[in-house]
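What follows is one chain in structure tokens, specifically the form predicted alone.
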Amino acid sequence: MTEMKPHAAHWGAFTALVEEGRLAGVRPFARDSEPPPLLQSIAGAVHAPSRIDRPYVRRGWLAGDRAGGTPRGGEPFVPVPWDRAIGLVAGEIARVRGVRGPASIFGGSYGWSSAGRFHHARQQLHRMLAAAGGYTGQLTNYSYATGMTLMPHIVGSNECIFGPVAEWADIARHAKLMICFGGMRYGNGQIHSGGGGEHAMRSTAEHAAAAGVRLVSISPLKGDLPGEWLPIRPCTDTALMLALAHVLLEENHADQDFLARHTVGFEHLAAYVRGAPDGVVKSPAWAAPITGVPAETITALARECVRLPTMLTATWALQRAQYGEQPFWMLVALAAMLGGIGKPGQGFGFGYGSIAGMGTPRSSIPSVALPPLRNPAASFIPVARLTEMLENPGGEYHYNGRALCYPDTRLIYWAGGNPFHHHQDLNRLLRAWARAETIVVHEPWWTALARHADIVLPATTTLERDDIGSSGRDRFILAMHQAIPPQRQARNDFNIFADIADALGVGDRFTEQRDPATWLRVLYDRTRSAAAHAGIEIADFDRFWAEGFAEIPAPAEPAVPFAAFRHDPTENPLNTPSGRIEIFSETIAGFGYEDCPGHPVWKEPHEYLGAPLAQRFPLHLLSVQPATRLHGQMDQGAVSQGAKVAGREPLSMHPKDAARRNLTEGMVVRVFNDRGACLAGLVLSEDLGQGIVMLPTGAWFDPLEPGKPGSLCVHGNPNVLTEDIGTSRLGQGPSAHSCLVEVERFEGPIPPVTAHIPPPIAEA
């Protein structure tokens, strides 16, 4: 007999089909018109051989190896009973806190651990560590860290990055031109942070095109946006935007009334575009050799922006590069010059091609969320400065106008997320990772994170517990019924942390004397009350749980970002020092950062096709989000495995670049630079420019010699190649897309991929 349980994942709502206690398959949510194929990976992943069956401890750590300096990853693990594992973890937290202070405990984690909003590993970890005295956390995120730091200076908030942004329906009705810097990939539209019931990126974009909106994708990759593809060299979008601005200035098309009433500092940018401070006129003729876009094409596009109501957008990926502040800032400045900000379907917005739900209507009520506890340590680092923190305890660094010091990290506790997917320059990370005395990890599977830990605690997947799925960009709140029992000795993160908190004497503070069932009701009712306060009625908890979802009605009128500000900037000022859009920011200029001055500028990245390093490494690597999984999640699933080439992650290359290197499709190739090397399976494609290669992120890190930094990754993780530098001292975001490589045929016996096989297990 088949049982059916409503559930959800980051890539959609579904019904779990359960037979004899095992997940037999999934059925997409009936209300979803575009269910993603990623759902079909779930069943195989839950029961995969790589599941962690019980608690383990690294053999050397048990023998007293706490001094650091020995790279992890090459030692076997010893099984231990749960009570001993809990005691070891609690003892280490108490020891490090007592000797070094709470800031020496790093609550690493990250937000993509699961769709469930109660059993959210990062929030659970931070609650426990806060209750136990404090920790060092991470500020911002890998997705849009730089923009997240920049935009409050420029427009007073972050909403233009993560929503709400102008709705697609308004774009279809009111715009005639939509320029998409960074393009649009529908695979990104399969993902909702927190779980979602509706996927509409494809249909809304196609509706806009059918309504007469000219969609222009400016990207090194063709993508699948309906409309025109304008290829550009990676990391040169700012130069193109400056050239567009030059045309508007020289032909007197800038909206001077809007600039005078709604912005400050435009005269600084105008002088820069005209070459006053540096003698370089930022004309289309100047931009053409930098960007690879012909000067006449730039001029014609600028004139179209003037002639047609225009929407400008950029993907989050655009700011994940050295000097990533500049294209986001310049996009706002260009939109201000066009004067469409605050008009329906015009202006600017970010992230339309980055995640599901951007530009779809949703009433403004908070999503379901577990409330945090105050962190007594009040210690943090920008999310992408992990390696530097470990390398340089006590060292000074700059972030967003502040001079800060890195903590002396002795204990890393990671639950949710995977730095061996998200972080750059993994060989450098491996060396720094060895400096910690103890690393504790919760994981369902033997990922690279688990293999490089000291204490490994097996966590349940979402299918093994009750929870609630909820996203601020989706109209559905989703009941996630437990479908199968916890596998082997896996336990819920909440229960693990509750036991550790009890051992530390803070159990009641962590749990608030509520079990998971009580918490689910409390969290749902808080969101329901917030909805009622906004005049929106949603089902009570019992009805929601029985029906499997609650639907939040769409708003009666579309949200138009900056509409009130446009109408009267004096009565409705922005939360900036001037109350206006800051094309020139006195605040940022006052920081004195050479790598991020007071207005948008073109700065050559150290690694792009125009850099001297391109003589040695002539291919620009783009490590995009995969279409076959979420980050590294479900890499062991059928969809991801079915896309591998010779068992490796596929590397896309233009046929002419392959011919120059005598490479053929399906061949195993070595991708390398001075930071490292990996193997990949070659795919030839004309859907990317010459001189560009694409290797998706998320293939599980699989070094040929585990525990040895610099070893060849045989599976194709691009982060052995990407550089670990901050975008600038302002944003300190990741710079993954500033990366040059070379590719050659791999010679010799091809090593097997072992990433999805458990590591060696030793006797207790």
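Just so it is clear, the structure is predicted and the values come from calculations on it, not from any experiment. When you see a residue number, it is the position in the sequence shown, counting from 1.
Just so it is clear, the following notes concern the form predicted together with a small molecule, a form of the same protein that is not shown.
Using a 4.5 angstroms heavy atom cutoff to the small molecule in the predicted complex, all of Gly187, Pro234 and Glu443 count as contacting. In the predicted complex, the small molecule sits beyond 4.5 Å of every heavy atom of Ala699. Interface residue remark: Phe181 is counted as part of the site for the small molecule in the predicted complex, having a heavy atom within 4.5 Å. Residue contact check for Ala317: one or more of its heavy atoms lie within 4.5 Å of the small molecule in the predicted complex. Though the partner is left out of this view, Ile355 does reach within 4.5 Å of the small molecule in the predicted complex, counting heavy atoms only.
Per the 4.5 Å heavy atom criterion, the small molecule in the predicted complex is contacted by stretch 717-725, the sole one of 717-725, 23-31, 703-711, 58-66. This chain is drawn without the small molecule; in the predicted complex, the residue among Gln487, Ser143, Thr409, Gln123 with a heavy atom within 4.5 Å of it is Ser143.
The contact with the small molecule in the predicted complex, taken as any heavy atom within 4.5 Å, belongs to Tyr110 out of Phe77, Trp602, Tyr110, Phe562.
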